[in-house]
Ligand SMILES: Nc1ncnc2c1ncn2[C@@H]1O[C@H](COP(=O)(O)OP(=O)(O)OP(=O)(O)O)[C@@H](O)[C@H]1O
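Coming up is one lone chain in structure tokens, specifically the form predicted alone.
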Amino acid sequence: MRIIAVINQKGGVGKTTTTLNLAHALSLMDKHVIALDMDPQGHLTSGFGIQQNGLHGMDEVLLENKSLSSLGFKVRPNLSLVPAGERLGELEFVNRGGLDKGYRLRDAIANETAADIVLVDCPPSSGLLTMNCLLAATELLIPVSSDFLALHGLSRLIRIVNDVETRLQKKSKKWIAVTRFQRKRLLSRQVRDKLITVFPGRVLATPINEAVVLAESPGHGQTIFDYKNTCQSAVDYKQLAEDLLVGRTCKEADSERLADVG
């Protein structure tokens, strides 16, 4: 089972959009996927067309030790969602449990045997919820938008993650997904090139192009595959899902293109 935490504390980078559409893309590739909404705002939940009000999910998993399967919704074929739940934010204020508080998500996933891939939409903070995500994940997927401020945010996030992993003697594989990419803009290309240089072998091959439909579809409770299955954004996320499955990064993709030209 691959446990992939989609994480970035900077807003506006497409974190939830990426979780939403990757989850659906992977399920369309015959992978059994469980998406976990670990953000108290519940944006992933609403993106799948489920209303958060009065709903329970990850809150009862983490606060009441209930199972993921008992609180999941089948939102698409091969794809289940465990909503955030209206009490999820309370975990940040739990005093009992000592160090075990950070391992509640890991333990809940360990009891789940049905999934090929667990995708976790992390909160935009560095508290106990995020710590649970980091300690549960075997891989981190970091969406980074194509601007230089996003690079600064990424540097801070990597420092935090490295510090946590060093202290806990834990290591996870890290992937970077370039989002909000505009191929005709020099800045977008420069940011992507910088990421490839600084994080060789970690930048997934397919950038997600900036598109209005990616902002529109969650408002309808739909993924991009529900909303406009034939648009370029759907193609981007399908290819990104393939990159993630096989670990195809920019270096490998560039080599493949050169081989094709030769």
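Residue numbers run from 1 along the displayed sequence. Please read these numbers as outputs of a predicted model, since none were measured by experiment.
The protein also exists as the form predicted in complex with this ligand; that form is not presented, and the subsequent description refers to it.
Heavy atoms within 4.5 Å of this ligand in the predicted bound form belong, among the stretches 211-219, 66-74, 47-55, 22-30, to residues of 211-219. Out of the listed residues 124, 89, 153, 102, 124 is the one that sits within 4.5 Å of this ligand in the predicted bound form by at least one heavy atom. Under a 4.5 angstroms non-hydrogen atom cutoff, this ligand in the predicted bound form has residue 12 among its neighbouring residues. Under a 4.5 angstroms non-hydrogen atom cutoff, this ligand in the predicted bound form lacks residue 59 among its neighbouring residues. Against this ligand in the predicted bound form, the set 130, 139 and 202 makes no contact: no member has a heavy atom within 4.5 Å.
Residues from 39-53 that approach this ligand in the predicted bound form with a non-hydrogen atom closer than or equal to 4.5 Å are 39, 41, in the order they occur in the chain.
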